[in-house]
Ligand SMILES: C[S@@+](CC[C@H](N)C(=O)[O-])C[C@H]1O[C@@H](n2cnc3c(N)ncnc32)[C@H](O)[C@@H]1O
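Just the one chain here, laid out as structure tokens, in the form predicted alone.
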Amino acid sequence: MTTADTKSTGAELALREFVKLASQPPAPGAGIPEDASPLLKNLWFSWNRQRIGFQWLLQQRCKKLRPRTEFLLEWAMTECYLLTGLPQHACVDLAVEYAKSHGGKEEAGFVNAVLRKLLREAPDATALSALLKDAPIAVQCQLPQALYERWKKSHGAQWTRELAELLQAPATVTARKRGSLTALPAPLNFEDAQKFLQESPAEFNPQEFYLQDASTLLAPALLNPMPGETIADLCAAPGGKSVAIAERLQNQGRLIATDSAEGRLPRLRENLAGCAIAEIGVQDAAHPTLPKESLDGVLLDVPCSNTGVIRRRPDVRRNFSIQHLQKLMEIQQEILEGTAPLVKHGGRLVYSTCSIEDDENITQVKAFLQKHPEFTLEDAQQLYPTSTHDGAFAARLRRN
């Protein structure tokens, strides 16, 4: 079998997997399945980064599209303009053959005509970007209209465009040597903690290093776990923050690391392997089974809109909606209410998200404090995405 044949076979398989996944996408927040092939993952992430623009371009050229046909055309656009595995003519041929086998000759002819016309108008990615200059600003930014309007209202049009440009690039992959947080003095300082991060090599030993973005160290730093304490991370999977907490506890005390879904626990257990004090299990953070006033500290890295991690989770662009945001905020409130009684007097609760939406962050904290005067806000920090880290929010609340 020739190299070209091998590429075509791999691309054909990825095409079938892609259309199937796009037709039945993961639930918001779930992400692509971990067992997906590297080629499918690359396709999925690349498509999600540019899909809003692809949709607009197709809408200008096609009156109406079946979902399957739309996904097929967008697969071809992703391959032709964003990836380098196949020549453009091979991408078109594969798309046409797929359309023929699934929809007949008429659909195949339509797909062929649309793609060849588009490639004449825009033979490369630069020319394709030029076509988007006539699109609405939100489309040029590759942002859902609702999210663009939120950011524009809160931060202005220029800030929004600059952030949108930053979010088009994949995030840098960084790693931290396991155990590196142990020697830092108390209280744990976020700026000191992130100094241990380094760009991850192509191959690394997961027993020696842990893949981690700097923003994920903000919440553990505000929590500042101390040896001998009882600490709970109640939305723990996949375990990055739990690993940081475990290092600070130095195998003295108790670490309760739980998540609401059994399917997320294997990764959590893997990341906490070797931590003798870790108690790992399933628990609904909104309705925890732990005794009241039993925790020195609790970390709540709650489900959120993920708008601070769009570089790593480009599917946020496709999933964001005001309705979904409201549902997430209700879940966040339930988790705060359910967990607050577990904190000892004098203990602390750290509320954390990877969102940059005030509604999920400081506004949520203020609403909780109005209902719970027994807690005091000691610190709150909002990180916005930069070229070196993702966006995140964390607030430390002390129980009086």
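Quick note: we count residues from 1 along the sequence shown, nothing fancier. Note that this is a predicted model, so its numbers are computed, not measured.
Below: the form predicted in complex with the ligand, not depicted.
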Interface check vs the ligand in the predicted complex: of 264, 102, 269, 327, the one with a heavy atom inside 4.5 Å is 264
Between 79, 247, 213, 259, only one gets a heavy atom within 4.5 angstroms of the ligand in the predicted complex; which residue is that? 259
Which of 80-88, 235-243, 104-112, 158-166 has heavy atoms within 4.5 Å of the ligand in the predicted complex? 235-243
Does residue 226 reach the ligand in the predicted complex, with heavy atoms at most 4.5 Å apart? no
I'd like to know whether residue 253 contacts the ligand in the predicted complex, with contact meaning heavy atoms within 4.5 angstroms. no
Residue-level contact is defined here as any heavy atom of the residue lying within 4.5 Å of the ligand in the predicted complex; does residue 302 satisfy this criterion? yes
Does residue 284 make contact with the ligand in the predicted complex, using a 4.5 Å heavy atom cut-off? yes
